[in-house]
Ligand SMILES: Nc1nc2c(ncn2[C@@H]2O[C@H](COP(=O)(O)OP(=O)(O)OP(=O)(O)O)[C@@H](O)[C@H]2O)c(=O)[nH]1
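One chain is shown next in structure tokens, namely the form predicted alone.
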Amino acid sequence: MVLDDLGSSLRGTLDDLRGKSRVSEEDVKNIVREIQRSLLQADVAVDLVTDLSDAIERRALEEEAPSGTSARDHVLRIVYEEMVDLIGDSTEIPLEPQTIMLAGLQGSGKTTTAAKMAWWFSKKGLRPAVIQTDTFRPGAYDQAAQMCERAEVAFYGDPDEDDPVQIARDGLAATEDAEVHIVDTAGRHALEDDLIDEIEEIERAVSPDRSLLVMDAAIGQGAREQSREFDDAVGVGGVVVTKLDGTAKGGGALTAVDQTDSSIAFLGTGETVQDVERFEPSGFVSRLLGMGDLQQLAERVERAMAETDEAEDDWDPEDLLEGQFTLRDMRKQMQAMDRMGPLDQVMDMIPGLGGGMMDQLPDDAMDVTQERLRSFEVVMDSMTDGELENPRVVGKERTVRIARGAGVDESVVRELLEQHRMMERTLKQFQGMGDGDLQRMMRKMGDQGGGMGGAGPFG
């Protein structure tokens, strides 16, 4: 995730304050040094780093911790508030008819972003359409068409037309039934005059309600010049940060936001059309500091459940709290979990499970877990209906048969059965629970996540 090094180093430094009732000047300077080091390594502009670290140092030394608040929690609150203030508000993207134009250099991820945003709007109940105007990059039309097909959204492009402005006009007419038009423009390897001229012409043709600058998370210090020139040309109304699933530093996005006096609108977190999320500063910083992001987690759960319901109309997750828990039920849970996205991202959103706990896991731990889920599904495909309904009947001979049919080692079958038994025992603990019991459990989870209670990290 973007600025992960900052999050892990800050968590380590703040943990040194555990048990202290007051912070010393040396404690504060250690924290500020970590912030400066991590932000500079993440390619955040020096002036932004200075402003943030000065504000944290001043407040930590001058402000008294509220009664009953530990030194660690007091400093954590200050760091949280100042980082949210640095990032600023998220770009307002109303759920209403509108036209959005995307701009950015070649390779920034505009075409993928266009399909992802269209998918996001479609899940919010609007009818989106993507208009591909890139006549410069070979393969742009095919890529856009394929991405939009995967996103199941309307698409317009014309591979035989050389004029991108004409394509934009024709696209608006051809997709007039759409409520949200997302216009993808061409990029170049650098900010050439012809690129700026082309974008300005397209802007005049489509009259977008907002123009978003798409930036690769690895842009680094080049973000300042890039964002300034695009802002001068079309007026940047928000930034989309892409490719946050890799090792990119991501700090250039903060520079772009500051340079254009705008804010971040969306984050691209993976390669599929579903790997996109609206940027919310409070949740983003909360996740960074290891306190989870219940709002984003709830949105992913809601989305996964909705898609599961579409796939299996006769399956109700609430049935898990009643009666016998079968392997069929387990498969539905696994599929819903898969729809929520990579497990490391999901765990990062859970108070108490992200942050420091994630830092302690091997780098490939989540990949192995997801690979294991896939192998579990293959094993279940080799089982009979009776075995899926009652896994207890699977003994040694059946294990050998199932493993041979699935093409896996017998240990994978045994692992699946053990995982089922663990989940079954866990669910039995919740059976008979009332709403009040579940709410108390969630509050407890929040308390374990660094003070995260209601709607926000310090609610």
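No experiment lies behind these values; they were computed from the predicted model shown. Sequential numbering from 1, following the sequence displayed.
This protein has a second form, the form predicted in complex with this ligand, left out of what is shown; the following refers to that one.
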* Site check Q143, K243 and G268: each within 4.5 Å of this ligand in the predicted bound form by heavy atom -> yes
* Work out which of the listed stretches, 109-117, 227-235, 81-89, 152-160, brings a heavy atom within 4.5 angstroms of this ligand in the predicted bound form. => 109-117
* 4.5 Å heavy atom contact, D329 to this ligand in the predicted bound form -> no
* To do: Decide whether G187 counts as a contact residue for this ligand in the predicted bound form under a heavy atom distance cut-off of 4.5 Å.
  => yes
* Might D134 be said to contact this ligand in the predicted bound form, defining contact as any heavy atom within 4.5 Å? -> yes
* Asked: Might L105 be said to contact this ligand in the predicted bound form, defining contact as any heavy atom within 4.5 Å?
  -> yes
